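Shown here is one chain on its own, the form predicted alone, set out as structure tokens.
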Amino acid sequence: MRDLLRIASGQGFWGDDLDAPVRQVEGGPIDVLMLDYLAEVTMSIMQKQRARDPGAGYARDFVPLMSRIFPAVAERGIRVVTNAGGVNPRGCAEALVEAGREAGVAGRVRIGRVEGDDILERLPELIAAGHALENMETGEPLTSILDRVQSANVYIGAAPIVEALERGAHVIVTGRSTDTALTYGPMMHAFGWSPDDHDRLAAGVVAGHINECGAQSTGGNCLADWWTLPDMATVGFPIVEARPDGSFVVTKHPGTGGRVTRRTVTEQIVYEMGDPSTYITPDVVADFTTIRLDDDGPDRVKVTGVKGGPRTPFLKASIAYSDGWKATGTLTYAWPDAVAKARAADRVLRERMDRLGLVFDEVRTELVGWDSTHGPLAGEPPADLPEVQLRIGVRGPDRSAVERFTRELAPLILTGPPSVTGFAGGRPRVQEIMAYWPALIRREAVEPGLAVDVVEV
């Protein structure tokens, strides 16, 4: 058993800093590079891409990234663990094999893939077997929107990642793995933790939670003295230095921007937090109220004391479904009376839509530069506000009504209040709305169908 494992975060979401993983690999010693690409809406986007192209459905920018770092990964023995597989882990793994050969690492790298989290095609079978997949917020059964479902994936835990590592995989691609498992899976493998070692697994969950959002734990998006953070143009992404007892240190590579302090780490810990005593993952329930943070030197925070409890009998399903159409457009009004002009334009537009008989589920107006962030709490604007952007959006089930709305904004340029600009982008684009349906499913309906395959480049 090894006594230290360095797990570096390389991506916090699909679209994050493309050079961050390269900096993590080249900036100093690491053992594992984890990259988190997925969010709830991401799965539906990938499913749509795969519907148009059977070879798509995964994070396409991950493959060229690996082409850049494959030689270093092979030479230094770095393991890469990612959920970039999206709804097509097989396609992603096949593209990686080809990229690895082109990068000159044939015979030195093994690619592992994890499949089985995608239950879209199984939904009728599961419902017939008694899995109602009720909405966790409303209690409605999935049958009420089944014909509109676009994607359905279950958050899986670390067991398949551990298996792939045990089988010698250097790069592991999963579908909807829970974000934290990308970090604590390698910890379980390296330290030999058992599935019922609840406190250590809970510590791994905390490490994964700190790692999963990239630079958000090293100063990015940070309220704590954000103006004092150095060199954010080359911000260092976090690295977890983990020990077999579950303790770990959060740090970053020397010479990189940002900062690792108790404040930056704390802000990430409370991110997306519900009940802090019951942070549920597929493998363990972590108690975040037991976390102890201590300074361990410059850009080093030590984490200890984490407690955990047994896993639940359920897994969480992330389901996305079509819920109508939307469009949003903007116009910018200048001083004098910028706010009064924008409000007048909003009133005129709404009256014209009423006259046309356009009916929407919602019409929302915001004055960007005044009340778009704080709404009514912004109070009344100052009379000398130099400019304000009118942003108005509609949503509803009738695409043709939304399409007609997009044609009513431009006429305000010549038929509404003066001093208007900012319409150079043309008519707003009609977009399909993807709504989120969270549900629970018993783990025995999913876990026997999980599959791990490892192939050599």
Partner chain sequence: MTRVPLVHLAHARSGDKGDTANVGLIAYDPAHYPLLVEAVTVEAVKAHFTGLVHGPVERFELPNLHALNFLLHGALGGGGTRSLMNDAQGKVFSTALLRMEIDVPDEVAAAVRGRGRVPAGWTPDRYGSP
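Residue numbers count along the first chain shown, from 1. Because the structure is predicted, anything quoted here is derived from the model rather than measured.
Just so you know, the form predicted together with its partner chain exists too; it's not on screen, but the next bit is about it.
> Is Val41 near its partner chain? Define near as a heavy atom within 4.5 Å, in the predicted bound form.
Val41: yes, in contact with its partner chain in the predicted bound form.
> Tyr321: heavy atom within 4.5 Å of its partner chain in the predicted bound form?
Yes, Tyr321 sits close enough to its partner chain in the predicted bound form that at least one of its heavy atoms falls within 4.5 Å.
> Does Gly220 reach its partner chain in the predicted bound form, with heavy atoms at most 4.5 Å apart?
Looking in the predicted bound form, residue contacts with its partner chain include Gly220, since a heavy atom lies within 4.5 Å.
> Is Ala435 close enough to touch its partner chain in the predicted bound form, meaning at least one heavy atom pair within 4.5 Å?
Although its partner chain is absent here, Ala435 would touch it in the predicted bound form, with heavy atoms inside 4.5 Å.
> In the predicted bound form, do Ala224, Thr228 and Leu293 all reach within 4.5 Å of its partner chain through at least one heavy atom apiece?
Contact check passed for all of Ala224, Thr228 and Leu293.
> Exactly one stretch in 212-220, 345-353, 81-89, 234-242 has heavy atoms within 4.5 Å of its partner chain in the predicted bound form; which is it?
Of the stretches listed, the one contacting the partner is 212-220.
> Name the residue from Arg101, Arg263, Arg110, Arg311 that puts a heavy atom within 4.5 Å of its partner chain in the predicted bound form.
Answer to the contact question: Arg263.
> Go through Gly130, Gly77, Gly274, Gly297 and name the one with a heavy atom inside 4.5 Å of its partner chain in the predicted bound form.
By the 4.5 Å criterion, the partner-contacting residue is Gly274.
> Even though the chain is shown alone, can you say which residues of 349-373 have a heavy atom within 4.5 Å of its partner chain in the predicted bound form?
If the 4.5 Å heavy-atom criterion is applied to its partner chain in the predicted bound form, 349-373 yields Glu362, Arg364, Glu366, Val368, Ser372, Thr373.
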